[in-house]
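There is one chain below, alone, in structure tokens, taken in the form predicted on its own.
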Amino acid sequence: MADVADLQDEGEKVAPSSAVMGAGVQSVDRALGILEVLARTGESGVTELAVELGVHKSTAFRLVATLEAHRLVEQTSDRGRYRLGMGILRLAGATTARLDLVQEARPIARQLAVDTGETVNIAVLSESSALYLDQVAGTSALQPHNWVGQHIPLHATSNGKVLLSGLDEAALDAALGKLATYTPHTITGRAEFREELARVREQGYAVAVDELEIGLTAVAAPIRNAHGDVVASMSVSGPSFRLPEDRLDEVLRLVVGAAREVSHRLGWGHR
């Protein structure tokens, strides 16, 4: 019978044993424990960390070395002692920026939902998808789908188009991937999609009618930071029968104005 190494050499996928998975989870738990100890104590040596975690010193050292490689901990001037590293600030900064965005956008999103009667969403770019951070249901939406925390395709949504419109060519190529088909109206050709993004940049908004699913229409506008970068997108979405073409101009005016107001709150432009 072939052993695990033989199967892996032949390209077969071998499911990890429960023991291996358990050990992996335990290592993650212990690594998080080290971060919590350093957050509480300010700095600690490997021996102290081992005692706190109830593990052998060599185990604590391996965990600290891994965290140090990711800049989550760093050595102090007193060699052999560790404190939280700059990588923690990077992660915390990303979280804080998103919380600030939601906080600044929420009252404006609520008013936009009242003005349009439709669902308002705030989304940010998350690698090759759009991540929905916040949602406010309009009066016309009886039981809207909750998109918060979900990742959605970039090329088939108004939010995704807006987020992609702010990227340079290299970042765009990295984020796009395959343009999957969701409905007959989904844009799947790269050349055609780049033309669509050019229109979004020129217009300052994006529209998606029946592109992600039949019967769903959405319009979105960019939210910019103090440097003018597109950091998020604000959209209004609802059933296509409630957002016909002759109503879109008014909804677009409202969403563009709302997104601009959030951008001002984040420090972009001048009133």
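It should be emphasised that the depicted structure is a prediction, and the values quoted were computed from it without experimental measurement. Don't overthink the numbering: it's just position in the shown sequence, from 1. Basically, rigid core = biggest C-alpha set you can superpose within 1.5 Å across the two forms.
From this point on, the text means the form predicted together with the DNA, which you will not see here.
Asks: At 4.5 Å between heavy atoms, only one of the stretches 201-209, 240-248, 58-66, 35-43 reaches the DNA in the predicted complex; which one is it?
Replies: Single hit among the candidates: 58-66.
Asks: Out of Q111, Q75, T183, T188, which one falls within 4.5 Å of the DNA in the predicted complex, going by heavy atoms?
Replies: That would be Q75.
Asks: Contact between G117 and the DNA in the predicted complex at 4.5 Å, heavy atoms?
Replies: G117 lies outside the contact set for the DNA.
Asks: How about P107: is it within 4.5 Å of the DNA in the predicted complex, going by heavy atoms?
Replies: No, P107 is distant from the partner.
Asks: Using a 4.5 Å heavy atom cut-off, state whether R30 contacts the DNA in the predicted complex.
Replies: Yes, R30 sits close enough to the DNA in the predicted complex that at least one of its heavy atoms falls within 4.5 Å.
Asks: Classify K178 as contacting or not contacting the DNA in the predicted complex by the rule of any non-hydrogen atom within 4.5 angstroms, answering yes or no.
Replies: Heavy-atom contact with the DNA at 4.5 Å: absent for K178.
Asks: 2 Å or more on the CA of L38 between the shown form and the other one, with the rigid core superposed, yes or no?
Replies: Result for L38: yes, a 2 Å-plus shift.
Asks: Hey, does D210 budge by 2 Å or more at the Cα between the shown form and the other one once the core is superposed?
Replies: False for D210: its C-alpha shift is below 2 Å.
Asks: If the two forms are fitted on the core, does S240 show a Cα displacement reaching 2 angstroms between the shown form and the other one?
Replies: It does not, since the S240 C-alpha is displaced less than 2 Å between the shown form and the other one after the core fit.
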